[in-house]
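As C-alpha coordinates, one chain now follows by itself in the form predicted on its own.
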(Lines give C-alpha, C1' and ligand atoms only; values in the text may rest on other atoms or scores of the structure.)
Protein backbone atom coordinates (compact mmCIF):
# COMPACT_ATOMS: atom_id res chain seq x y z
CA UNK A 1 0.00 0.00 0.00
CA UNK A 2 1.24 3.47 -0.88
CA UNK A 3 0.90 5.64 2.23
CA UNK A 4 -0.59 9.05 1.57
CA UNK A 5 0.59 10.38 4.93
CA UNK A 6 4.21 9.60 5.76
CA UNK A 7 4.36 6.43 7.86
CA UNK A 8 7.07 7.97 10.01
CA UNK A 9 4.71 10.78 10.99
CA UNK A 10 2.06 8.28 12.05
CA UNK A 11 4.60 6.30 14.07
CA UNK A 12 5.78 9.50 15.78
CA UNK A 13 2.16 10.30 16.61
CA UNK A 14 1.63 6.84 18.07
CA UNK A 15 4.89 6.81 20.03
CA UNK A 16 3.79 9.88 22.00
CA UNK A 17 0.51 8.19 22.97
CA UNK A 18 1.43 4.52 23.28
CA UNK A 19 2.11 4.45 27.02
CA UNK A 20 -1.11 6.26 27.94
CA UNK A 21 -3.10 3.96 25.67
CA UNK A 22 -1.53 0.87 27.22
CA UNK A 23 -2.45 2.08 30.70
CA UNK A 24 -6.06 2.74 29.66
CA UNK A 25 -6.20 -0.59 27.83
CA UNK A 26 -4.92 -2.50 30.85
CA UNK A 27 -7.40 -0.76 33.15
CA UNK A 28 -10.30 -1.57 30.84
CA UNK A 29 -9.03 -5.13 30.45
CA UNK A 30 -9.10 -5.61 34.21
CA UNK A 31 -12.67 -4.33 34.46
CA UNK A 32 -13.84 -6.51 31.59
CA UNK A 33 -12.06 -9.54 33.05
CA UNK A 34 -14.17 -9.22 36.19
CA UNK A 35 -17.19 -9.43 33.88
CA UNK A 36 -15.81 -12.54 32.22
CA UNK A 37 -14.89 -10.72 29.00
CA UNK A 38 -11.55 -11.16 27.22
CA UNK A 39 -10.35 -7.77 25.99
CA UNK A 40 -7.96 -9.38 23.53
CA UNK A 41 -10.82 -11.21 21.82
CA UNK A 42 -12.76 -7.95 21.57
CA UNK A 43 -9.75 -6.15 20.11
CA UNK A 44 -9.29 -8.86 17.51
CA UNK A 45 -12.99 -8.54 16.67
CA UNK A 46 -12.65 -4.77 16.32
CA UNK A 47 -9.83 -5.32 13.83
CA UNK A 48 -12.22 -7.24 11.56
CA UNK A 49 -14.67 -4.35 11.26
CA UNK A 50 -14.96 -2.55 7.93
CA UNK A 51 -17.25 0.16 6.59
CA UNK A 52 -17.14 1.64 3.09
CA UNK A 53 -16.51 5.33 2.47
CA UNK A 54 -18.74 7.19 0.00
CA UNK A 55 -16.70 8.89 -2.71
CA UNK A 56 -18.97 11.93 -2.58
CA UNK A 57 -18.50 12.20 1.18
CA UNK A 58 -14.91 13.43 0.90
CA UNK A 59 -16.14 16.57 -0.84
CA UNK A 60 -18.02 19.41 0.81
CA UNK A 61 -21.75 18.79 0.62
CA UNK A 62 -24.49 21.34 0.56
CA UNK A 63 -28.11 22.14 1.18
CA UNK A 64 -30.93 23.12 -1.14
CA UNK A 65 -29.71 26.70 -0.72
CA UNK A 66 -25.96 26.77 -1.05
CA UNK A 67 -22.66 24.93 -1.01
CA UNK A 68 -19.54 26.34 0.61
CA UNK A 69 -16.48 24.72 -1.01
CA UNK A 70 -13.69 23.58 1.29
CA UNK A 71 -9.97 24.05 0.86
CA UNK A 72 -8.24 21.39 -1.16
CA UNK A 73 -11.38 19.37 -1.76
CA UNK A 74 -11.06 16.69 -4.44
CA UNK A 75 -11.98 17.72 -7.97
CA UNK A 76 -12.22 14.29 -9.58
CA UNK A 77 -12.43 10.62 -8.69
CA UNK A 78 -8.67 10.10 -8.54
CA UNK A 79 -8.34 12.82 -5.90
CA UNK A 80 -11.30 11.39 -4.04
CA UNK A 81 -9.48 8.06 -3.80
CA UNK A 82 -6.47 9.83 -2.29
CA UNK A 83 -8.65 11.28 0.48
CA UNK A 84 -10.32 7.91 1.03
CA UNK A 85 -6.86 6.37 1.37
CA UNK A 86 -6.01 8.89 4.11
CA UNK A 87 -9.12 7.85 6.01
CA UNK A 88 -8.25 4.16 5.78
CA UNK A 89 -4.59 4.67 6.57
CA UNK A 90 -5.42 6.35 9.87
CA UNK A 91 -8.53 4.38 10.94
CA UNK A 92 -7.80 0.98 9.35
CA UNK A 93 -11.59 0.51 9.20
CA UNK A 94 -12.51 1.80 5.70
CA UNK A 95 -10.89 -0.48 3.10
CA UNK A 96 -13.48 0.08 0.36
CA UNK A 97 -14.98 3.02 -1.53
CA UNK A 98 -18.48 3.33 -2.92
CA UNK A 99 -18.57 5.22 -6.22
CA UNK A 100 -21.47 7.21 -7.67
CA UNK A 101 -22.03 7.41 -11.42
CA UNK A 102 -21.87 9.57 -13.44
CA UNK A 103 -20.19 11.76 -10.81
CA UNK A 104 -17.27 9.31 -10.59
CA UNK A 105 -17.27 7.87 -14.08
CA UNK A 106 -13.60 7.22 -14.93
CA UNK A 107 -12.10 7.70 -18.36
CA UNK A 108 -10.22 4.44 -17.80
CA UNK A 109 -11.89 2.07 -15.28
CA UNK A 110 -8.94 -0.34 -15.31
CA UNK A 111 -6.52 2.47 -14.48
CA UNK A 112 -8.77 3.60 -11.64
CA UNK A 113 -8.81 0.08 -10.23
CA UNK A 114 -5.02 -0.01 -10.42
CA UNK A 115 -4.84 3.29 -8.52
CA UNK A 116 -7.15 1.90 -5.84
CA UNK A 117 -5.07 -1.28 -5.56
CA UNK A 118 -1.92 0.81 -5.10
CA UNK A 119 -3.64 2.75 -2.33
CA UNK A 120 -4.80 -0.41 -0.58
CA UNK A 121 -8.45 0.21 -1.43
CA UNK A 122 -11.20 -1.80 -3.08
CA UNK A 123 -14.62 -0.85 -4.40
CA UNK A 124 -17.89 -1.47 -2.62
CA UNK A 125 -21.35 -1.18 -4.21
CA UNK A 126 -21.68 1.32 -7.06
CA UNK A 127 -24.50 3.85 -7.06
CA UNK A 128 -26.63 4.97 -9.98
CA UNK A 129 -28.02 8.48 -10.40
CA UNK A 130 -31.39 9.04 -12.01
CA UNK A 131 -32.37 11.84 -9.65
CA UNK A 132 -30.48 14.44 -11.68
CA UNK A 133 -30.47 15.29 -15.37
CA UNK A 134 -26.99 15.13 -16.85
CA UNK A 135 -25.54 17.23 -19.70
CA UNK A 136 -26.62 15.87 -23.06
CA UNK A 137 -29.25 13.59 -21.57
CA UNK A 138 -32.05 12.87 -24.06
CA UNK A 139 -34.96 12.54 -21.61
CA UNK A 140 -35.58 14.42 -18.36
CA UNK A 141 -36.15 12.83 -14.95
CA UNK A 142 -38.12 15.82 -13.74
CA UNK A 143 -41.27 13.71 -13.54
CA UNK A 144 -39.63 10.42 -12.64
CA UNK A 145 -37.05 7.93 -13.84
CA UNK A 146 -37.83 4.26 -13.21
CA UNK A 147 -41.47 5.27 -12.65
CA UNK A 148 -41.75 7.91 -15.39
CA UNK A 149 -44.85 8.06 -17.54
CA UNK A 150 -42.48 8.31 -20.49
CA UNK A 151 -41.32 4.88 -21.62
CA UNK A 152 -38.26 6.47 -23.20
CA UNK A 153 -37.26 8.06 -19.86
CA UNK A 154 -37.73 4.72 -18.09
CA UNK A 155 -35.62 2.90 -20.67
CA UNK A 156 -32.93 5.56 -20.33
CA UNK A 157 -32.89 5.11 -16.54
CA UNK A 158 -32.69 1.32 -16.87
CA UNK A 159 -29.85 1.61 -19.38
CA UNK A 160 -27.94 3.89 -17.00
CA UNK A 161 -28.23 1.36 -14.17
CA UNK A 162 -27.02 -1.43 -16.43
CA UNK A 163 -24.10 0.76 -17.47
CA UNK A 164 -23.27 1.21 -13.78
CA UNK A 165 -23.20 -2.58 -13.41
CA UNK A 166 -20.77 -2.89 -16.31
CA UNK A 167 -18.50 -0.22 -14.83
CA UNK A 168 -18.70 -1.90 -11.43
CA UNK A 169 -17.69 -5.26 -12.88
CA UNK A 170 -14.49 -3.74 -14.26
CA UNK A 171 -13.75 -2.11 -10.90
CA UNK A 172 -14.34 -5.29 -8.90
CA UNK A 173 -17.58 -4.25 -7.26
CA UNK A 174 -20.30 -6.79 -6.51
CA UNK A 175 -23.32 -4.63 -5.84
CA UNK A 176 -25.56 -1.89 -7.22
CA UNK A 177 -27.43 0.55 -5.00
CA UNK A 178 -30.61 1.94 -6.53
CA UNK A 179 -32.26 5.02 -5.08
CA UNK A 180 -34.72 7.11 -7.03
CA UNK A 181 -36.28 10.43 -6.11
CA UNK A 182 -39.44 9.40 -7.95
CA UNK A 183 -42.80 10.29 -6.46
CA UNK A 184 -45.36 13.06 -6.37
CA UNK A 185 -45.59 16.53 -4.88
CA UNK A 186 -49.36 16.86 -5.32
CA UNK A 187 -52.29 14.54 -4.67
CA UNK A 188 -53.45 13.12 -7.96
CA UNK A 189 -50.16 13.94 -9.70
CA UNK A 190 -49.83 10.27 -10.58
CA UNK A 191 -51.59 6.99 -9.96
CA UNK A 192 -49.98 5.60 -6.81
CA UNK A 193 -50.34 1.97 -7.80
CA UNK A 194 -49.37 2.62 -11.41
CA UNK A 195 -46.14 4.35 -10.38
CA UNK A 196 -45.05 1.34 -8.34
CA UNK A 197 -45.97 -1.00 -11.18
CA UNK A 198 -43.69 0.96 -13.50
CA UNK A 199 -40.91 0.91 -10.90
CA UNK A 200 -41.17 -2.87 -10.57
CA UNK A 201 -41.06 -3.38 -14.33
CA UNK A 202 -37.97 -1.16 -14.59
CA UNK A 203 -36.30 -2.84 -11.62
CA UNK A 204 -36.85 -6.26 -13.19
CA UNK A 205 -34.91 -5.17 -16.26
CA UNK A 206 -32.02 -3.99 -14.06
CA UNK A 207 -32.15 -7.14 -11.95
CA UNK A 208 -31.91 -9.31 -15.06
CA UNK A 209 -28.57 -7.67 -15.90
CA UNK A 210 -26.97 -8.51 -12.53
CA UNK A 211 -24.03 -10.94 -12.58
CA UNK A 212 -24.55 -14.13 -10.58
CA UNK A 213 -22.46 -12.93 -7.63
CA UNK A 214 -23.96 -9.43 -7.40
CA UNK A 215 -26.63 -7.95 -5.15
CA UNK A 216 -29.07 -5.15 -5.92
CA UNK A 217 -29.65 -2.88 -2.92
CA UNK A 218 -33.02 -1.13 -2.93
CA UNK A 219 -32.89 2.07 -0.89
CA UNK A 220 -36.03 3.67 0.48
CA UNK A 221 -36.48 7.29 1.51
CA UNK A 222 -39.48 8.82 3.23
CA UNK A 223 -39.41 12.19 1.49
CA UNK A 224 -37.43 14.61 -0.67
CA UNK A 225 -37.71 15.48 -3.48
CA UNK A 226 -41.18 13.88 -3.56
CA UNK A 227 -42.78 15.61 -0.58
CA UNK A 228 -46.31 14.26 -1.02
CA UNK A 229 -45.45 10.63 -1.62
CA UNK A 230 -42.21 8.87 -2.55
CA UNK A 231 -42.67 5.72 -4.61
CA UNK A 232 -40.19 3.72 -2.48
CA UNK A 233 -40.88 5.52 0.79
CA UNK A 234 -40.51 2.83 3.45
CA UNK A 235 -39.05 -0.53 4.31
CA UNK A 236 -42.33 -2.30 3.59
CA UNK A 237 -42.39 -1.18 -0.03
CA UNK A 238 -38.68 -1.90 -0.39
CA UNK A 239 -39.22 -5.38 1.07
CA UNK A 240 -42.16 -6.13 -1.22
CA UNK A 241 -40.18 -5.13 -4.31
CA UNK A 242 -37.14 -7.15 -3.19
CA UNK A 243 -39.36 -10.18 -2.68
CA UNK A 244 -40.79 -9.84 -6.18
CA UNK A 245 -37.39 -9.42 -7.82
CA UNK A 246 -35.61 -12.41 -6.30
CA UNK A 247 -32.79 -13.56 -4.03
CA UNK A 248 -30.24 -11.05 -5.34
CA UNK A 249 -32.45 -8.09 -4.37
CA UNK A 250 -31.99 -6.79 -0.81
CA UNK A 251 -33.15 -3.79 1.20
CA UNK A 252 -30.79 -0.97 2.13
CA UNK A 253 -31.43 0.86 5.41
CA UNK A 254 -30.32 4.48 5.59
CA UNK A 255 -30.55 5.67 9.19
CA UNK A 256 -31.78 9.11 8.12
CA UNK A 257 -34.51 8.06 5.70
CA UNK A 258 -37.31 7.39 8.18
CA UNK A 259 -40.19 9.16 9.85
CA UNK A 260 -39.33 10.85 13.18
CA UNK A 261 -39.28 8.40 16.11
CA UNK A 262 -39.28 5.38 13.81
CA UNK A 263 -37.97 2.24 15.50
CA UNK A 264 -35.14 1.60 13.05
CA UNK A 265 -33.69 -1.30 15.02
CA UNK A 266 -37.03 -3.13 14.65
CA UNK A 267 -36.89 -2.60 10.87
CA UNK A 268 -33.41 -4.13 10.97
CA UNK A 269 -34.70 -7.11 12.92
CA UNK A 270 -37.63 -7.67 10.55
CA UNK A 271 -35.53 -7.47 7.38
CA UNK A 272 -32.90 -9.78 8.87
CA UNK A 273 -35.59 -12.25 9.94
CA UNK A 274 -36.92 -12.54 6.42
CA UNK A 275 -33.53 -12.61 4.70
CA UNK A 276 -33.82 -9.24 3.00
CA UNK A 277 -31.42 -7.03 4.97
CA UNK A 278 -28.82 -6.00 2.42
CA UNK A 279 -26.94 -3.35 4.33
CA UNK A 280 -26.73 0.19 5.66
CA UNK A 281 -25.99 3.78 4.90
CA UNK A 282 -24.80 5.05 8.26
CA UNK A 283 -25.42 8.65 9.26
CA UNK A 284 -27.47 10.45 11.90
CA UNK A 285 -30.54 12.64 11.95
CA UNK A 286 -32.21 15.22 14.19
CA UNK A 287 -35.20 16.40 12.15
CA UNK A 288 -35.33 14.39 8.94
CA UNK A 289 -32.92 13.20 6.29
CA UNK A 290 -30.08 15.26 7.71
CA UNK A 291 -27.01 13.15 6.72
CA UNK A 292 -25.24 14.13 9.94
CA UNK A 293 -22.10 12.40 11.21
CA UNK A 294 -22.77 8.90 12.51
CA UNK A 295 -23.36 8.80 16.24
CA UNK A 296 -23.43 12.59 16.55
CA UNK A 297 -27.10 12.75 17.62
CA UNK A 298 -28.30 9.33 18.77
CA UNK A 299 -25.44 6.93 19.52
CA UNK A 300 -27.80 4.71 21.52
CA UNK A 301 -29.91 4.06 18.42
CA UNK A 302 -26.75 3.12 16.54
CA UNK A 303 -25.88 0.69 19.33
CA UNK A 304 -29.38 -0.82 19.27
CA UNK A 305 -29.06 -1.38 15.53
CA UNK A 306 -25.83 -3.30 16.10
CA UNK A 307 -27.43 -5.20 18.95
CA UNK A 308 -29.95 -6.56 16.43
CA UNK A 309 -27.15 -7.26 13.96
CA UNK A 310 -25.24 -9.21 16.61
CA UNK A 311 -28.38 -11.23 17.36
CA UNK A 312 -28.92 -11.92 13.65
CA UNK A 313 -25.30 -13.05 13.26
CA UNK A 314 -25.77 -15.56 16.08
CA UNK A 315 -28.98 -16.85 14.55
CA UNK A 316 -27.91 -16.96 10.90
CA UNK A 317 -24.17 -17.58 11.10
CA UNK A 318 -21.75 -16.93 8.25
CA UNK A 319 -24.59 -16.42 5.76
CA UNK A 320 -25.39 -13.09 7.41
CA UNK A 321 -23.15 -10.50 5.73
CA UNK A 322 -24.79 -7.06 5.54
CA UNK A 323 -22.91 -4.33 3.71
CA UNK A 324 -21.84 -1.28 5.73
CA UNK A 325 -21.32 2.16 4.21
CA UNK A 326 -21.19 5.73 5.48
CA UNK A 327 -23.42 8.26 3.72
CA UNK A 328 -23.03 11.80 4.98
CA UNK A 329 -22.92 15.41 3.88
CA UNK A 330 -20.39 17.73 5.48
CA UNK A 331 -20.98 21.47 5.43
CA UNK A 332 -19.02 22.92 8.37
CA UNK A 333 -16.34 20.29 9.05
CA UNK A 334 -13.40 18.87 7.18
CA UNK A 335 -14.99 15.88 5.39
CA UNK A 336 -11.99 13.64 6.08
CA UNK A 337 -12.25 14.33 9.80
CA UNK A 338 -16.00 13.71 9.84
CA UNK A 339 -15.69 10.44 7.94
CA UNK A 340 -12.91 9.22 10.23
CA UNK A 341 -14.96 10.11 13.30
CA UNK A 342 -18.02 8.38 11.87
CA UNK A 343 -16.10 5.23 11.01
CA UNK A 344 -14.87 5.10 14.61
CA UNK A 345 -18.38 5.62 16.00
CA UNK A 346 -19.88 2.84 13.88
CA UNK A 347 -17.01 0.56 14.91
CA UNK A 348 -17.68 1.56 18.53
CA UNK A 349 -21.30 0.41 18.30
CA UNK A 350 -20.12 -2.85 16.70
CA UNK A 351 -17.80 -3.56 19.65
CA UNK A 352 -20.31 -2.44 22.28
CA UNK A 353 -22.89 -4.83 20.85
CA UNK A 354 -20.37 -7.64 21.25
CA UNK A 355 -20.27 -6.78 24.98
CA UNK A 356 -23.95 -7.56 25.54
CA UNK A 357 -24.38 -10.52 27.88
CA UNK A 358 -26.66 -12.54 25.59
CA UNK A 359 -27.40 -15.25 28.16
CA UNK A 360 -28.37 -12.72 30.82
CA UNK A 361 -30.49 -10.77 28.34
CA UNK A 362 -32.36 -13.90 27.26
CA UNK A 363 -32.97 -14.82 30.88
CA UNK A 364 -34.45 -11.43 31.71
CA UNK A 365 -36.63 -11.59 28.60
CA UNK A 366 -37.93 -15.04 29.51
CA UNK A 367 -38.67 -13.83 33.04
CA UNK A 368 -40.45 -10.73 31.70
CA UNK A 369 -38.02 -8.58 33.69
CA UNK A 370 -38.22 -5.50 31.50
CA UNK A 371 -36.01 -3.32 33.69
CA UNK A 372 -33.11 -5.74 33.93
CA UNK A 373 -33.33 -6.54 30.23
CA UNK A 374 -32.99 -2.84 29.44
CA UNK A 375 -30.18 -2.45 31.97
CA UNK A 376 -28.28 -5.33 30.37
CA UNK A 377 -28.20 -3.39 27.12
CA UNK A 378 -27.32 -0.14 28.88
CA UNK A 379 -24.47 -1.87 30.71
CA UNK A 380 -22.81 -2.68 27.39
CA UNK A 381 -23.62 0.70 25.86
CA UNK A 382 -22.16 2.64 28.80
CA UNK A 383 -18.85 0.79 28.58
CA UNK A 384 -16.21 3.09 27.07
CA UNK A 385 -14.47 0.88 24.52
CA UNK A 386 -12.25 3.69 23.21
CA UNK A 387 -9.02 1.94 24.34
CA UNK A 388 -10.06 -1.17 22.39
CA UNK A 389 -10.69 0.85 19.24
CA UNK A 390 -7.39 2.72 19.57
CA UNK A 391 -5.45 -0.49 20.22
CA UNK A 392 -7.10 -2.13 17.20
CA UNK A 393 -5.97 0.79 15.06
CA UNK A 394 -2.46 0.70 16.47
CA UNK A 395 -2.06 -3.02 15.87
CA UNK A 396 -3.43 -2.70 12.34
CA UNK A 397 -1.02 0.09 11.47
CA UNK A 398 -3.34 3.06 11.95
CA UNK A 399 -3.27 6.06 14.26
CA UNK A 400 -4.16 6.03 17.94
CA UNK A 401 -6.00 9.34 17.46
CA UNK A 402 -6.86 9.61 13.74
CA UNK A 403 -8.03 13.22 13.76
CA UNK A 404 -5.00 14.44 15.73
CA UNK A 405 -2.66 12.52 13.42
CA UNK A 406 -4.41 13.93 10.36
CA UNK A 407 -4.17 17.52 11.59
CA UNK A 408 -0.52 17.11 12.51
CA UNK A 409 0.25 15.73 9.05
CA UNK A 410 -0.79 18.94 7.31
CA UNK A 411 -2.62 16.97 4.62
CA UNK A 412 -5.38 19.54 4.18
CA UNK A 413 -2.90 22.38 3.78
CA UNK A 414 -0.93 20.37 1.24
CA UNK A 415 -4.11 19.48 -0.65
CA UNK A 416 -5.11 23.14 -0.77
CA UNK A 417 -1.88 23.90 -2.66
CA UNK A 418 -2.10 20.91 -5.00
CA UNK A 419 -5.81 21.30 -5.71
CA UNK A 420 -6.70 24.88 -6.53
CA UNK A 421 -10.44 25.37 -7.09
CA UNK A 422 -11.62 24.44 -10.55
CA UNK A 423 -14.87 25.80 -11.97
CA UNK A 424 -17.57 23.16 -12.19
CA UNK A 425 -15.55 20.59 -10.25
CA UNK A 426 -16.93 19.46 -6.92
CA UNK A 427 -15.89 16.57 -4.72
CA UNK A 428 -19.45 15.92 -3.65
CA UNK A 429 -21.37 16.07 -6.90
CA UNK A 430 -24.44 16.98 -4.86
CA UNK A 431 -24.71 20.71 -5.58
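What you see is a predicted model, and the numbers here were worked out from it, not measured in a lab. Residue numbers count along the first chain shown, from 1.
Below, we turn to the form predicted together with a further copy of the same chain, even though it does not appear here.
Scanning 291, 79, 104, 219 against a further copy of the same chain in the model of the complex with a 4.5 Å heavy atom cut-off leaves one residue, 291. Shown without its partner, this chain lists 316, 166, 357, 117 as candidates; in the model of the complex, only 316 has a non-hydrogen atom within 4.5 angstroms of a further copy of the same chain. In the model of the complex, residue 190 approaches a further copy of the same chain with a heavy atom inside 4.5 Å. Proximity of residue 299 to a further copy of the same chain in the model of the complex: non-hydrogen atoms within 4.5 Å are present. Contact check for residue 179: a heavy atom falls within 4.5 Å of a further copy of the same chain in the model of the complex. Shown alone here, residue 321 lies farther than 4.5 Å from a further copy of the same chain in the model of the complex, counting heavy atoms only.
Comparing 192-200, 118-126, 87-95, 104-112 against a further copy of the same chain in the model of the complex, the single stretch with non-hydrogen atoms within 4.5 angstroms of it is 192-200. For the stretch 356-375, the set of residues having any non-hydrogen atom within 4.5 angstroms of a further copy of the same chain in the model of the complex comprises 361, 365, 366, 368, 369, 370, 371, 372, 373, 374, 375, in sequence order.
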